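In structure tokens, one chain follows: the form predicted on its own.
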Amino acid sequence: MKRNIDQLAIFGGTPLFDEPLHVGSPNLPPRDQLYSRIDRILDNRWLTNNGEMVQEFERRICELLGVRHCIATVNGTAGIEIAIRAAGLSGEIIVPSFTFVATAHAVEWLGLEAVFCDIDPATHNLDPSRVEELITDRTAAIMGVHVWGRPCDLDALAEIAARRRLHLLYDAAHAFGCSSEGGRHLGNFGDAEVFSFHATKFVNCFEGGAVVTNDDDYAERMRLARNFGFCGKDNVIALGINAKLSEVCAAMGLCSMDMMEDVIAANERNYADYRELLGGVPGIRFIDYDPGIRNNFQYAVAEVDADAFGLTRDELVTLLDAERIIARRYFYPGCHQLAPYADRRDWSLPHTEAVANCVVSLPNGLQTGADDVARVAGLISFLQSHADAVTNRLAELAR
């Protein structure tokens, strides 16, 4: 561990890690298991168009979540798009600004308007009271995001949507394998929920996604939208795009699902270690996961109080990056401050901006071991205890 600030990498010292330690390094299955499935794909000569791997992947997801329908897609963004399109939505969709920009982009790409709503600073999810304030005669739907896999206020959003006759969708990109307070898996709420199986997710398809729903008619419309509107070999009955998941991506997803409990266990151990090792460090507060609710623990997320810690979140991220610890500022800035949206209206989202300016996500997953966590935590503790000296040296560098 660093013994004095001259040994910090940003000031010319040797980085703490020889290779970058990433937040989202892929969790990889045993290669022989993946290669075995790929051999079957090649033997079948069925590479896409709803082959046996995609069918098995969709079936496994339905069984795990207890949902009626799963529509696997090329990625999560496409999943959101076909969910919106198949619902026949137009006008405005209320979304949080504290989310990955794909949530808003999918809305706008289809010609609708994303209306950004503030979050509850305690949960980092949509604030239902603010949702109610934003509803107009142009509002078509509410789209919640289960940030960090922690469920939105499901009852409150469902009540608003029903009373105001709005569609209710969920971006559940973080939330595969997570549950609600009643123990029911996320995926069973609203009209539909959309998962991401991007390479950085704890279950991944290299690149992929899925929409799940318990509405039979809606599911059929989404299947049509996913595959050019084809019903049968040469009968096109609806507008559609090519949002199909390939067989090799589904094979990766199946192998990834086989190991998901091991990944969750590793994630939870790392999260617990971070909390224990950094629990006494002023200005570092890890988000809480309700022990009564199942979570995948993919995100080891802390809020940095700059006054108490002595360094800003951004300074901490810069210092960690120099040590080859690739922490992330999720989600910075809020979507409403990004170029496509910033000048559209005078957004008032104080909680979103405050959280976006203090949150940091630390490395987790199978590639992050107990020793790695200890070294990261030790460095963060060292930085806090030498914050004044580090701040002065950073100021010198900036001159």
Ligand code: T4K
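We number the residues from 1 along the sequence you see. All figures in this text were calculated on a predicted structure; none of them were measured in a lab.
In what follows, reference is made to the form predicted in complex with the named molecule, a form of this protein that is not presented.
**Student:** Counting non-hydrogen atoms within 4.5 angstroms of the named molecule in the predicted complex, say which of T213, S256, N267, T103 makes the cut.
**Tutor:** Checked against the cut-off, the match is T103.
**Student:** State the residue from P151, G190, G76, G177 whose non-hydrogen atoms include one within 4.5 Å of the named molecule in the predicted complex.
**Tutor:** Of the listed residues, the single hit is G76.
**Student:** For the interface check, one of 227-235, 324-332, 246-254, 151-159 should have non-hydrogen atoms within 4.5 Å of the named molecule in the predicted complex; which one?
**Tutor:** Every other range fails; the passing one is 324-332.
**Student:** Quick check on S25: any heavy atom within 4.5 Å of the named molecule in the predicted complex?
**Tutor:** Yes - in the predicted complex, heavy atoms of S25 and the named molecule come within 4.5 Å of each other.
**Student:** Taking the named molecule as it sits in the predicted complex, is V281 near enough to touch it, meaning that at least one heavy atom pair lies within 4.5 angstroms?
**Tutor:** Judged by the heavy-atom cut-off of 4.5 Å, V281 is well away from the named molecule in the predicted complex.
**Student:** With a 4.5 Å heavy atom cut-off, would you call S196 a contact of the named molecule in the predicted complex?
**Tutor:** Answer yes; at least one heavy atom of S196 falls within 4.5 Å of the named molecule in the predicted complex.
**Student:** Although the partner isn't part of this model, could you tell me whether V145 comes within 4.5 Å of the named molecule in the predicted complex, counting any heavy atom of the residue?
**Tutor:** Heavy-atom contact with the named molecule at 4.5 Å: present for V145.
**Student:** For the stretch 164-183, which residues lie within 4.5 Å of the named molecule in the predicted complex by non-hydrogen atom distance?
**Tutor:** Contacts from 164-183: D171, A173, H174.
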